[in-house]
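Next up: a single chain in structure tokens, the form predicted alone.
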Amino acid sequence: MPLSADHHPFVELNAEESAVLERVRQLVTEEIGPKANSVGREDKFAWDTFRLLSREGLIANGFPREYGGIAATMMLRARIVEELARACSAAAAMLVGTDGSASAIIVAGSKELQREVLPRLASGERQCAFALTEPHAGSDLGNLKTIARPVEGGVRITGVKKFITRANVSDYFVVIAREPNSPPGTRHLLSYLVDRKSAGLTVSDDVPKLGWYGLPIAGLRFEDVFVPPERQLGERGVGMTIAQDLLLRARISHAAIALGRMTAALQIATQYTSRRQVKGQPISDHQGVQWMIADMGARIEAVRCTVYAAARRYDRGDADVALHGSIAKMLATDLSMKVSIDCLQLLGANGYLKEYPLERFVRDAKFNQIGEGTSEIHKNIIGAALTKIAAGMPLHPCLDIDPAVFAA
């Protein structure tokens, strides 16, 4: 049903996975939910939430078991993120950020590097952030300007990164850079794990923002930062593959965050309208209110199927998963923005108060439409992909026309 993902036909979890999800729900009910409004009032890193997720083994859910994780599938990860996002965007995004940066080490780091870094990330002793976005390049990976220049014994990195979530609390950064003199649009990107204490690396002050409190952002400046060869993640050109996979994982996770938030918003609004009375009658009895609730519930259920399908495609390794990740991210985040605003409207003046979470939901929902590729970028991706697919198909059988003159 639209207010819950219980017994959804797309979700198949084993007993261990179901137990993990049930523990997440318990934490949301008993600890994360009651503190979420407080976290959402000031944009400081939510250390208590982070330590709780680390202590419970959730922060490293996607890590291999040998390094402290549970090797969660994308489906389980999406469900965990969704449940956390029903109460707190920061809690959900902590898992997404940790997964995104650490997955590069898991996929492309040496065994020695994995043994050195991953257990510390899994325990919460250390943190790692993903440094991709630049002043003039975000989803446009081919336009990155940060350079990794080969020198004796390693490389030296020069460039600027921005919008780096958790930059001021991270001990490591997974940095995507390009080779010197590589032409625009090059796919020969490089990936490195850079220590925060490296000479020449500067982290800016936190940058004030509209919402998504509990997870501050900052910028990074690399001025001839030396990185030894053992900190390179993968071979030449692997940086593009790493970046694309990290973006895909993050996009599906953003969709799951949006799904959790709008499901919670609908629950709150429906419960409120059932109790709020005007002239002795619950406002939920009004047809206009019922139609708003019905429209939101139906659309949420449709988007839920889309998000879960994208997670299943990722776990299966489907060739078209990137397209479906974009579809899920665009639909879920756009709908979350609309549902959050409409649910706030149903609460009237109370929805505008910080005592209720709807105003926080609205502020947080906007970032989901922007982070990891704006909705407009995903429309471009989807449109280009569908155009290419259609070009390779035979003309529709209902077209009673010579293919040579079709659209002439």
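In case it trips you up, residue 1 is the first one in the sequence shown, and so on. Predicted, not measured: the structure shown is a model, and the values here were computed from it.
From this point on, the text means the form predicted in complex with a small molecule, which you will not see here.
Of the residues given (209, 145, 299, 221), 209 alone sits with a heavy atom within 4.5 Å of the small molecule in the predicted bound form. For the options 234, 138, 159, 124, the residue carrying a heavy atom within 4.5 angstroms of the small molecule in the predicted bound form is 138.
The partner is not drawn, yet in the predicted bound form one stretch among 26-34, 60-68, 367-375, 44-52 has residues with heavy atoms inside 4.5 Å of the small molecule: 367-375. Residue contact check for residue 380: one or more of its heavy atoms lie within 4.5 Å of the small molecule in the predicted bound form. Residue contact with the small molecule in the predicted bound form: residue 163 places a heavy atom within 4.5 Å of it. Residue 284 falls outside the set of residues with a heavy atom inside 4.5 Å of the small molecule in the predicted bound form. In the predicted bound form, the small molecule sits within 4.5 Å of a heavy atom of residue 217.
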